[in-house]
Structures are given as structure tokens and as C-alpha cells.
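Before any questions on binding or motion, here is one chain by itself as C-alpha cells, the form predicted on its own.
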Amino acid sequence: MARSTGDDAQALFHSLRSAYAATPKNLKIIDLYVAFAVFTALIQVVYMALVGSFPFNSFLSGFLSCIGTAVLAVCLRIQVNKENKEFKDLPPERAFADFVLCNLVLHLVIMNFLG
């Protein structure tokens, strides 16, 4: 029984890898940016757990900034994806401008929260 589960997991990994190989380069770059933002948030959580959270506003601002940026990047990825029929009339330049504007608003709120 365990052998079949391992084979199934390997087949699933292989199919995901082959499907991701066909992903356009600009979407892969956005995926890398999302992974970096989430990784940075995880590093901040580990640092807070090890060292402490004396200025809790600073930790919360940094963490929410990372997660908010990742969410906005996922929204950008959805809008830029050519296979998504919902945003077919939206040019990529407009989607990127929305991403930049929303990031600006997010970071203004984060800076305001810092005090």
C-alpha cells in the first residue's frame, strides 16, 4: 500500500512539474516574487518567536506588508495570465499599474500604522 502512495505522489509531482514548465516566463517571475514575500514573512515570524516582539507594531507592519504584497502579486498574476478569460480585455500594463497603485496605498497604510 505504501509503495502505491509513493508512486502516486511521484506521478503527481511529475505532472505538476511538466505543466509548470509550460508556464510563461512573466508568470514564473511573479511566482518567484510571491514566494520571496511569503518567505520573508516566515523569517519575520521565526525572528519574533526567537528574539521577542517588543515593538509589536513593527513586527505586525512588516508581516502584513509581506503578506499584503504577496496577495497583490497573486492578483497581478491572475490578471496577467493569458489563459484567464475573465480579464482578457485588460491590458497587462493596466494590471501592473493597478498593482503598483495598490502597493503604494498598502505601504502608506503600513507606514501610518508604524506611527
Partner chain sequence: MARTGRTGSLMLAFALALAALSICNAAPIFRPVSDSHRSAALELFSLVDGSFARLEEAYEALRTFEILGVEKKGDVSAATCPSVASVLGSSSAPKELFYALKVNSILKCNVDDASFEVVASRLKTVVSDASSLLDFYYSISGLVLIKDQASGVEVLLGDAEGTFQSIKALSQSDGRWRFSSSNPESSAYAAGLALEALAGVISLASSEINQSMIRTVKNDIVKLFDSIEKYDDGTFYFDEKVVDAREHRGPLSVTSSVIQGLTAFASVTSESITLPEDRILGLAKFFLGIGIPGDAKDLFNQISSLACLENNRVSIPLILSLPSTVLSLTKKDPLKVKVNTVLGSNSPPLKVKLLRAFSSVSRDVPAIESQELKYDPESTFHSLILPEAVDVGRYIFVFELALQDSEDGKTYATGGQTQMPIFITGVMKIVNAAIAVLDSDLGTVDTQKSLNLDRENDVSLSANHLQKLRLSFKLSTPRGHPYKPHQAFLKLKHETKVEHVFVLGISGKQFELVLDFLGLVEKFFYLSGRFDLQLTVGDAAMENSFLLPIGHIELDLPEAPEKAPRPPLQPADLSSRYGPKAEIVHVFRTPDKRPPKELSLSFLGLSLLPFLGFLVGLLCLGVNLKNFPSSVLPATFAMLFHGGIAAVLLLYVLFWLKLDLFTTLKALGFLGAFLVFVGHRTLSYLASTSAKLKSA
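Residue numbers count along the first chain shown, from 1. Since we're looking at a predicted model, the values are computed, not measured.
There is another form of this protein, the form predicted together with the partner chain, and it is not shown here; the text below is about that form.
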(message) Given that the partner chain is not shown alongside this chain, does Y33 nevertheless sit within 4.5 Å of it in the predicted bound form, heavy atom to heavy atom?
(response) yes
(request) Report yes if any heavy atom of F56 sits within 4.5 Å of a heavy atom of the partner chain in the predicted bound form; otherwise report no. (result) no
(request) Tell me, yes or no, whether N112 is in contact with the partner chain in the predicted bound form, where a contact means a heavy atom of each within 4.5 Å. (result) yes
(message) Taking any heavy atom pair closer than or equal to 4.5 Å as contact, tell me whether T40 reaches the partner chain in the predicted bound form.
(response) yes
(request) Sort through V71, I78, I29, L64 and report the residue having a heavy atom within 4.5 Å of the partner chain in the predicted bound form. (result) I29
(request) Give, in sequence order, every residue of 82-111 that has a heavy atom within 4.5 Å of the partner chain in the predicted bound form, or say none if there are no such residues. (result) E93, F96, A97, V100, L104, V105, H107, L108, M111
